[in-house]
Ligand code: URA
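So this first bit is one chain, no partners, the form predicted alone, shown in structure tokens.
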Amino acid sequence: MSKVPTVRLDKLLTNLGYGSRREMHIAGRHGRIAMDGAPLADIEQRVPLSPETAARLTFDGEPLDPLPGMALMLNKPVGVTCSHKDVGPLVYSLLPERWRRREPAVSAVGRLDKDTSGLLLLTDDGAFLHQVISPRRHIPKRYLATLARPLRGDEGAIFASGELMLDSEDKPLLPAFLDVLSDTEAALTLTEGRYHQVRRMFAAVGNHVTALHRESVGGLKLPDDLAPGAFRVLDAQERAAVLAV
């Protein structure tokens, strides 16, 4: 059995974004950090870096934030950008403010453009991020598209052919799979993630996407009860579902 690593408590709290080490020492002196309900004055002690330890710790009476290695799902609303630097509302502003100070940093797993809503994964786990976005894994992603004009009827065959070329590209798209929901609504499942791919695919067959929503990544579907702008941490089963292909 591998040994559970340990970390100094002040370093752990700083890495979780609660404040600087100096601020954590002050918080400890004021009884704001507790384990099993008992205040901890000595926050230089080493603690196991495990969920069991996190479950015993509180800060200002609240459960400790998830430890490094977390992944979460967010129902991205239209109008926010998957960026740390762009002007305007950013997806990271939907998370607790201290989460933007975490180390390792929380990053989006791939991107949804500003005008696309739906399932967005975020993580501070680099290995998990690369597993999801690796082009070798072909993780499927399902999008619901609302279209400006009725479907012609041949789009499904074109998208599934593996021969569709997008403007300014020299490599055809991998086969994608279309489910027609109505004359102007369709679900499209991709196994790659090129720039604005869904919008460009429909443009290539003479249509225009007026609304776009990502419904699932891998085997993980956005829950109906997760409101736009809301998020929650993935459990082990949900993380595994993302990678199930």
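As the structure is a computational prediction, the values presented were derived from the model and not from experiment. Residue numbers here begin at 1 and follow the sequence given.
Form predicted together with ligand URA: not shown, discussed below.
Contact with ligand URA in the predicted bound form, defined as a heavy atom within 4.5 Å, is made by none of Ala160, Asp179 and Thr189.
Distance criterion of 4.5 Å from any heavy atom to ligand URA in the predicted bound form singles out Asp113 from the list Glu103, Asp86, Asp113, Glu169. Here is the short version: of Ala27, Ala34, Leu212, Leu67, the single residue with a heavy atom within 4.5 Å of ligand URA in the predicted bound form is Leu212. Across the options 59-67, 179-187, 38-46, 198-206, residues that bring heavy atoms within 4.5 Å of ligand URA in the predicted bound form belong to 198-206. Taking a 4.5 Å heavy atom cutoff to ligand URA in the predicted bound form, the one contacting residue in 129-146 is Tyr143.
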